[in-house]
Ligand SMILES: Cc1cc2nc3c(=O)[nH]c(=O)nc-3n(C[C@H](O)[C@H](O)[C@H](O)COP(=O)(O)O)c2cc1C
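For reference, the chain that follows is the form predicted alone, supplied as structure tokens.
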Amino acid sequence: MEHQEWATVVEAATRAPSIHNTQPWRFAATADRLDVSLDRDRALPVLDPTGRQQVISCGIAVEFAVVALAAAGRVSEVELLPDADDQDHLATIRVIADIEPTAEDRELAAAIDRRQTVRDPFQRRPVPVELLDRLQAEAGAFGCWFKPVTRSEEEVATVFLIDRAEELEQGDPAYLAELRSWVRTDPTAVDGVPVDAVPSGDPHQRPSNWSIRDFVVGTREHAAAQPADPGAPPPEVERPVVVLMGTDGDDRHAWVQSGRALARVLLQATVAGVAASPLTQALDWPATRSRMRTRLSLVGHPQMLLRMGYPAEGSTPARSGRRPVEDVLTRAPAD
């Protein structure tokens, strides 16, 4: 493949979501190979000291590249952690044959650009069980389990752990400083979380049983509360589908694979008109992540918690910026 062809593939790969939109990846291309590595210069030492969430983010980028290649008529194979002396070299994608892309190949590739993280409330419209079953099969192909949180005791435990983790994070000055360093007010910013993509209201006051991450904690001006109308009906409580994804192991290999599985889940959901946003607070802290395994009797390690649903009609979430391809793609030395 020519370098420009790889640039097109990498452009699609960089549309992958990443924790705080840090885009912690580097790519190097030869004629038939694309190497994907973790960029430690974009680390989150407070939120993600082991790099687990950033490695998952890179795994999503790996699979987005595979999807883009398939739509371009290229069969590829992925080798994980190909260099025992360089654990940051997460994957090598090799082009092994040409194919005629299928309609699904093209559909999934088109979904890469349409996929958005939606933090606003979802419609009350239920996500079909058939779609959840299909997403479970997609995740299973990568050795990941996909578990909708449906039982009331599981929901109560998970909500409690999310709220507890959010409380711990908001009480940590180092976490708040790191969080604020990745929130962007400039609409032309090429990384970070655009403030326009964050709901303006306090997420803890939203009528929902699931708390999203508060990216602007402590910076809102709170108006005086208005007395409630005793005759008004209670606000509708948002009840999105929440799914937990995980792996049997908990090492770099498992993290990359869970990212690849998450990529397929997000793209298939996008094709079906379903959006998602992460609820990862309870997985940020080792203590709450460990308690989740115990409270939900999980066999394995939770890697991602997602809320899923249909976006409100006419909603247009702000698009997060992306670094230019030339900043993340270099030529690799030939084998």
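Please read these numbers as outputs of a predicted model, since none were measured by experiment. Numbering starts at 1 and follows the sequence shown.
There is also a form predicted together with this ligand; it is not shown, and the following applies to it.
A.B. asks: Just one stretch in 115-123, 134-142, 74-82, 244-252 has heavy atoms within 4.5 Å of this ligand in the model of the complex, so which one is it?
C.D. replies: After filtering at 4.5 Å, what remains is 115-123.
A.B. asks: So which of Val67, Ala275, Ala61, Leu279 reaches within 4.5 angstroms of this ligand in the model of the complex, heavy atom to heavy atom?
C.D. replies: Filtering the options by heavy-atom distance leaves Leu279.
A.B. asks: So which of Ser37, Gln268, Thr288, Gln53 reaches within 4.5 angstroms of this ligand in the model of the complex, heavy atom to heavy atom?
C.D. replies: Contact check passes for Gln53.
A.B. asks: At 4.5 Å between heavy atoms, is Val256 in contact with this ligand in the model of the complex?
C.D. replies: Residue-level check for Val256: no, no contact with this ligand.
A.B. asks: So in the model of the complex, does any heavy atom of Val325 sit within 4.5 Å of this ligand?
C.D. replies: Answer no; every heavy atom of Val325 is more than 4.5 Å from this ligand in the model of the complex.
A.B. asks: With the partner left out here, check for me: in the model of the complex, does some heavy atom of Arg213 sit within 4.5 Å of this ligand?
C.D. replies: Arg213: contacts this ligand in the model of the complex.
A.B. asks: Answer for Val193 alone: is it within 4.5 Å of this ligand in the model of the complex, judged on heavy atom distances?
C.D. replies: Contact check for Val193: yes, within 4.5 Å of this ligand in the model of the complex.
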